[in-house]
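This document opens with one chain alone, in structure tokens, the form predicted alone.
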Amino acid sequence: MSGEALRALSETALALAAAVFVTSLLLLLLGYDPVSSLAVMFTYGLGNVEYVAAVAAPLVLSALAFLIPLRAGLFNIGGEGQAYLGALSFLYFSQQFGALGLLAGGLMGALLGGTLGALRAFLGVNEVIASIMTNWTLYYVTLFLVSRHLTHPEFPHRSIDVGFFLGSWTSFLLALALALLALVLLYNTLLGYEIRVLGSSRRAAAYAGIDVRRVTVLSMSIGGLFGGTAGALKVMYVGHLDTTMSALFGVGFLGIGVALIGKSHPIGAVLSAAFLASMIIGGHWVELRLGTPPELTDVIVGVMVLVLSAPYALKLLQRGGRLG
């Protein structure tokens, strides 16, 4: 094992130990037994591998939605909105075109991501601010369409059923294939080289003759493609959208944590998505077995994400968002 790989493994192990410690301390302060809670979470979280695969699949893609633009020095906080748009597009187009609805979801996400990239490249609009605005806009647009125009005729609290389904393992294999495609893109193509150079230094990219505007738009478009596909996979697994957006809300934001835990590497994103999925599932079992409130699961998962992603996030801040 190389020195760099060993160092990365050591950092991850230390971060995991710190996450367990902080979570245990928090559970104690809230009056819960940390040993029992974490034992249930880890044991039951990994008890159903197929369920883990189903939950992890959209998280892999939402992580890639953040990861690809990040490698270009951009912060695509719009993965949440791209997931909404992708889910909505899939819900509609799968009725007529079946599996092609997945493509429609990805393309609509790419269109949104490319628009945010163009605003940054040509008008200087900060992509973080623009992403946050589109997230909330699309949240309410999706709610309106689900409750007014895509409502199930028998169940007014939710949408019509999707017109195409994939199994848990097929969804995960699709996510894995797209992660490998992202890996090839970043490290074996000219565009990937340009993205990485731009992320290291905009000045160096311009000096090397790289069209900064073009790469900005393309990296955000690719991120949007993954974000839209994440939303499509999520709603496909659930089978519909409800009027509270409970099944879809947060998938884009969780992807940011997954990408940071995975150190902005596509394979790291797959591993961290599987880990986080197991923690989410394990948290549900903590509720069932120990009678804890649902909010406690959110707190535990949030602390895990925060502590595990903190070392890499701090490195990014120290470099001013540059990855080189």
Partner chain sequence: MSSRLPLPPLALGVLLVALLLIGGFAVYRTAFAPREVKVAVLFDVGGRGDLSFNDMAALGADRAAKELNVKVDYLTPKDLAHFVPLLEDLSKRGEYELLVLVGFLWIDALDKVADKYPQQKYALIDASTGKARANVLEVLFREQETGALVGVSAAGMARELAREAGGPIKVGSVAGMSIPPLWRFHIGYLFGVKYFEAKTGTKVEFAWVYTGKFDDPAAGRRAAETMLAGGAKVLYGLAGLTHVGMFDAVIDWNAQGRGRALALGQDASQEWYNATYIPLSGSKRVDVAVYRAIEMVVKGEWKGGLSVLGLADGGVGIWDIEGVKYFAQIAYDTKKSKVTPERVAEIVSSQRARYIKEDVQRLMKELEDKIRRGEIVFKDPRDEKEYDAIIKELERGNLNAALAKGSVS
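Residue numbers count along the first chain shown, from 1. Every value quoted in this text rests on a predicted model; they were computed, and no experiment measured them.
The same protein also has a form predicted in complex with its partner chain, omitted here; what follows describes it.
Segments offered: 235-243, 96-104, 81-89, 111-119. Contacting its partner chain in the predicted complex at heavy atom distances within 4.5 Å is 235-243. Among L306, A313, L25, L16, the residue placing a heavy atom within 4.5 Å of its partner chain in the predicted complex is L16.
With a 4.5 Å cutoff on heavy atoms, H157 counts as touching its partner chain in the predicted complex. Contact between P294 and its partner chain in the predicted complex is found at the 4.5 Å heavy atom cutoff. Residue contact check for V55: one or more of its heavy atoms lie within 4.5 Å of its partner chain in the predicted complex.
Heavy atoms of I280 reach within 4.5 Å of its partner chain in the predicted complex, making it an interface residue. In the predicted complex, its partner chain lies beyond 4.5 angstroms of every heavy atom of every residue of 118-136.
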